[in-house]
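Next up is one chain by itself, shown in structure tokens, the form predicted alone.
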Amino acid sequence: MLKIWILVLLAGGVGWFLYERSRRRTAPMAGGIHEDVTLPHEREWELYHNSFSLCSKKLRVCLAELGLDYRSQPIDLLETGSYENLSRRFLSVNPGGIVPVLVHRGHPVYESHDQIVYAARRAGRRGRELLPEDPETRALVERWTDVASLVGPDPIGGTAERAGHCIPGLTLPIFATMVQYIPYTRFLEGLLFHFERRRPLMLALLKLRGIHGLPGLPPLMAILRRSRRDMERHLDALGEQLEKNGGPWIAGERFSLADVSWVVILDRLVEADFHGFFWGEDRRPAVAAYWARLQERPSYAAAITSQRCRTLHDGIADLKAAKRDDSRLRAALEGVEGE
């Protein structure tokens, strides 16, 4: 009788999985607006986003700078609580399962670097300030926006070309502390339905090993070291650009989409407790001054600090405490001579 019940339960589990799999079909979505898709909507602008997602932060900053009002639709990722991005509801909005999604008059716009340009082009005078019409200035803004973007299917490749691609590797320490607050049962959904299973596997491994176990994971540490090395070069170039044009912003006197893109890069380095390493103790003074100016803008509080979730606050505190109490951990994360 017991065997029969076990078989029934197994059959039921397999049946449930196949049914859910058929209802949660995923597919990559090209960037830009998809006018062939119309989603249910109540407002001209709607935003599906996550509090911790780097690209969500960038789009929120952009919308705040443009003064565009939108309907907020928060979506959880595993590190902020659950795999809501793999739910049937969200996959109907973005089959790619990726946030953010900007919806304009019912039509979805995918990929954050396309979204901020799309929004700026529809925001009148303020949009022309963020995306200048002068060809030379516009080219400069586009170049620095691109360097700060996370583009393509490989988030950890191309770190030498883009600062945005350095961020996943440098986020590993804060991932390791944040996931300690997520039950193991929440990881199962990702292992079953995530379109890229390496990510839930990596997060599960970080939860199992914890922040003190991260240095004992050579493949992840290799990614972190490469990302840290290349980010130093990107920040050196940023400092040189700010000094060359006299600031206060990347393109000179006017705040632009380039600054929208870089504020979230620097903010993530602060969250992951790398700011002291990169621009503390008189290192890169131009970058340090730039970061101070960015924090003074109303969009920073509205789009970033006011949105931080409890899991992130706890993760930041745990990471700082771990590095303070364990000098070997700090040395491994920030690098020592002969590494």
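These numbers were taken from a predicted model, which means no experiment stands behind them. Counting begins at 1, following the sequence as shown.
The same protein has a further form, the form predicted together with a small molecule, not shown here; the description that follows concerns it.
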{"property": "Proximity to the small molecule in the predicted bound form, single hit among Arg186, Arg226, Arg162, Arg199 (heavy atom within 4.5 Å)", "result": "Arg199"}
{"property": "Option touching the small molecule, based on a heavy atom within 4.5 Å in the predicted bound form, out of Ile265, Ala120, Ala251, Val99", "result": "Val99"}
{"property": "Partner-facing stretch of 292-300, 33-41, 46-54, 307-315, counted where any non-hydrogen atom is within 4.5 angstroms of the small molecule in the predicted bound form", "result": "46-54"}
{"property": "Contact flag, Thr177 vs the small molecule in the predicted bound form, heavy atom cut 4.5 Å", "result": "no"}
{"property": "Contact label in the predicted bound form: Leu77 to the small molecule, heavy atom within 4.5 Å", "result": "yes"}
{"property": "Interface membership of Arg209, the small molecule in the predicted bound form, 4.5 Å heavy atom rule", "result": "no"}
{"property": "4.5 angstroms heavy atom contact with the small molecule in the predicted bound form for Tyr83", "result": "yes"}
